[in-house]
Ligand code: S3P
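What follows is a single chain, given as structure tokens, in the form predicted on its own.
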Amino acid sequence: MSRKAIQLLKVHKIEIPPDKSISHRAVILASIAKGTTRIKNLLMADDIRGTIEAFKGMGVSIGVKCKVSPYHRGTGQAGVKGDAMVHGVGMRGLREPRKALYLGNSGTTMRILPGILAGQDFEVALTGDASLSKRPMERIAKPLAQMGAKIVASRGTPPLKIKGGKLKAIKYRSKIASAQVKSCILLAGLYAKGVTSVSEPTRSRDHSERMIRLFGVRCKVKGVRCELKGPARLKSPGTIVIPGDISSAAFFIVAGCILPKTKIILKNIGLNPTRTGVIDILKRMGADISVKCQVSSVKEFEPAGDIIVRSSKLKGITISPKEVVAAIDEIPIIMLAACFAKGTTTIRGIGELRVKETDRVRSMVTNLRKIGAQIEVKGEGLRVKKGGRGLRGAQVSSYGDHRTAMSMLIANLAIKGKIKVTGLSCINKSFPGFLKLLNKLN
């Protein structure tokens, strides 16, 4: 690229909120570890607040000092990120809560927390909002029951009632690749006598395995199988620093691709190899993305680095089920990218998207068709045809889903006409201040 062309680029530096998945796990493991853990750059979105309140309800002292970056001032949010001091109570130090623990819309908390509760000597109920109460929970109830816990899921969905007990180790073969299911079983395995192992059809994200090792417990990983030996004790590592969330960064990565004469720089983004599928997919589509890795400051923790994206000429490709697993949360924004890609894009193995905060296949396909995209859906696959043609403004809905909402707001930046998205409060689930940052690209 010539110097003159570089000068014509609109350069934007965007600060992405901390990683949601890692933030959850940091609070969870710090709460049952011995010692005090300082968590720096903790995401202060609705879901994480739900996890914090759940552990406070079980007697864990957690102090949080919220911060708002210069990019997020004026958003009306109490804090996009913060520093937390978690005074761990140890593996057996949790107390029976006085009432049911309300987890809001956090599917991560609802599916991971039962692993810990299965090893306690009390009974607890977990509830959530209307959306969370529709999400399938048999996938965790079955293995926990095999381990010896008593767990009741009305109609296979929340609310859950869990009575912990003496657990036994199991070797579990999951029919689906799910980091939440795997994490739940591994956390229960910390309380079980013997070696607990989990095998998946395809390797899912490994934040829990990394975090467990960070807290001093050996967790072996070999291919699609991971295992640990219990009963175990967690010890505070002292300080944890959470990198930026690549799932949140994905919206601005795609924006950088589809907006003309644009360069976007995203600093300190988590580059866990089980999470970078979105970058791999977009690069295959022709995206001009470069990554500058940093050396992790904590042994066996999370790699991070800077992502730089420039305006790109995207092309249609075929995305396999294995690639979908590696980019499950990013598929909505990838679907939008496909609408700007020349030719046809086929995405296979999208069934898991139907049991997220909403049916994301339905929400995204409905919305994208309203703005003129040509999409065919068949079984667990879909096809976006004639990308980049005839997109227009329309009124669409978030369907209560944060990733659907943000994807359509990115679309609004790059088409003629205006896309009006209703129901934007759901964005606070993972990305407080998103609208403020979006204005930087206008």
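When you see a residue number, it is the position in the sequence shown, counting from 1. Values in this document were obtained by computation on a predicted structure and should not be read as measured data.
If you look for the form predicted together with shikimate-3-phosphate, you will not find it shown, but the lines that follow are about it.
- Checking Thr358, Ser197, Ser236, Ser178 for any heavy atom within 4.5 Å of shikimate-3-phosphate in the predicted bound form turns up a single hit: Ser178.
- When you look in the predicted bound form, the only residue of Arg139, Lys263, Arg213, Lys267 with a non-hydrogen atom within 4.5 Å of shikimate-3-phosphate is Arg139.
- With the partner omitted here, the stretch from 219-227, 304-312, 324-332, 158-166 that lies within 4.5 Å of shikimate-3-phosphate by heavy atoms in the predicted bound form is 324-332.
- Using a 4.5 Å cutoff between non-hydrogen atoms, Ser131 does not count as a contact of shikimate-3-phosphate in the predicted bound form.
- At the 4.5 Å threshold, heavy atoms of Arg111 reach shikimate-3-phosphate in the predicted bound form.
- Contact check for Arg205: a heavy atom falls within 4.5 Å of shikimate-3-phosphate in the predicted bound form.
- Of the residues in 19-33, those that come within 4.5 Å of shikimate-3-phosphate in the predicted bound form through at least one heavy atom are, in sequence order, Lys20, Ser21, Arg25.
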